[in-house]
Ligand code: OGA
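Listed next as structure tokens is one chain, alone, in the form predicted on its own.
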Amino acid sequence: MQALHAPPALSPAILPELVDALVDQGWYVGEGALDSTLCHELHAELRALAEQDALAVAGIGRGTEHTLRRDIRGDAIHWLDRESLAQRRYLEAMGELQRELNRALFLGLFEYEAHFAHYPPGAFYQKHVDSFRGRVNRVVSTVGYLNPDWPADGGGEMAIFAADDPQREVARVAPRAGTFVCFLAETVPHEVRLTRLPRASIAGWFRRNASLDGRVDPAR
């Protein structure tokens, strides 16, 4: 059972630095930003889903363009559905972050979606941006890492590239529990390098309502 006075899921102290980093460079990396107990609980939940074969193979694109390409993306996912207390704590923290981003940057974010991501050994995700072609409703991406004691030779780092030069790597993030990454979905290329160990994270996106001319986007 959760303690009556559990620490914040996402440290409020990082918010000013996160906002400034998004404005200055389009991305933010915060080590130790997520509560360690929450990371442990979420990691256990994802591990159980993997053991129960309850994860779906992730694809690329959406709608009629959705395809499975293991040569591009090798993770399996489970969308967060608020079924557990740990999920609710994480999503509530993202709601607080959404309100802060809207207050500070006037982004008009109105919804957040997220899924567990499990990368088995040998999996990777080639360089990409998170906004779908022809759609701009994904505005800010987040990644929360769950693996405790990730070794230096474990692989699985996220490489972040400059928005104005997709060949120039500007950061490499080890997937250690507690690290939280936030970046602009439409402009910041990134990739997940080949992992040598099972890699656990939560990937999420703050979205803007892009409905136009009778097309509901995002779909309800």
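These figures come from a predicted structure and were not determined experimentally. One-based numbering along the sequence shown.
Absent from the display: the form predicted in complex with the named molecule. The rest refers to it.
Notebook entry, point to check: Considering V143, L101, A76, A86, which brings a non-hydrogen atom within 4.5 Å of the named molecule in the model of the complex?
Noted result: Looking at V143, L101, A76, A86 one by one, just V143 meets the 4.5 Å heavy-atom criterion.
Note to self: Can you pick out, from L197, A21, A203, L15, the residue that has a heavy atom within 4.5 Å of the named molecule in the model of the complex?
What the structure shows: Only one listed residue qualifies here, and that residue is A203.
Check: Applying a 4.5 Å heavy atom distance criterion, does A33 contact the named molecule in the model of the complex?
Finding: No.
Margin query: Can you tell me if R82 lies within 4.5 angstroms of the named molecule in the model of the complex, counting non-hydrogen atoms only?
Written below: Taking the distances in the model of the complex, the answer for R82 is no, it never comes within 4.5 Å of the named molecule.
Note to self: At 4.5 Å between heavy atoms, is Y119 in contact with the named molecule in the model of the complex?
What the structure shows: So Y119 counts as contacting the named molecule.
Margin query: Does any part of Y125 reach within 4.5 Å of the named molecule in the model of the complex? Heavy atoms only, please.
Written below: Yes, Y125 sits close enough to the named molecule in the model of the complex that at least one of its heavy atoms falls within 4.5 Å.
Check: Which among 25-33, 160-168, 188-196, 39-47 is in contact with the named molecule in the model of the complex, heavy atoms within 4.5 angstroms?
Finding: Answer to the contact question: 188-196.
Check: Are there residues in 102-117 with a heavy atom within 4.5 Å of the named molecule in the model of the complex, and which are they, in order?
Finding: Only H115 sits within 4.5 Å of the partner.
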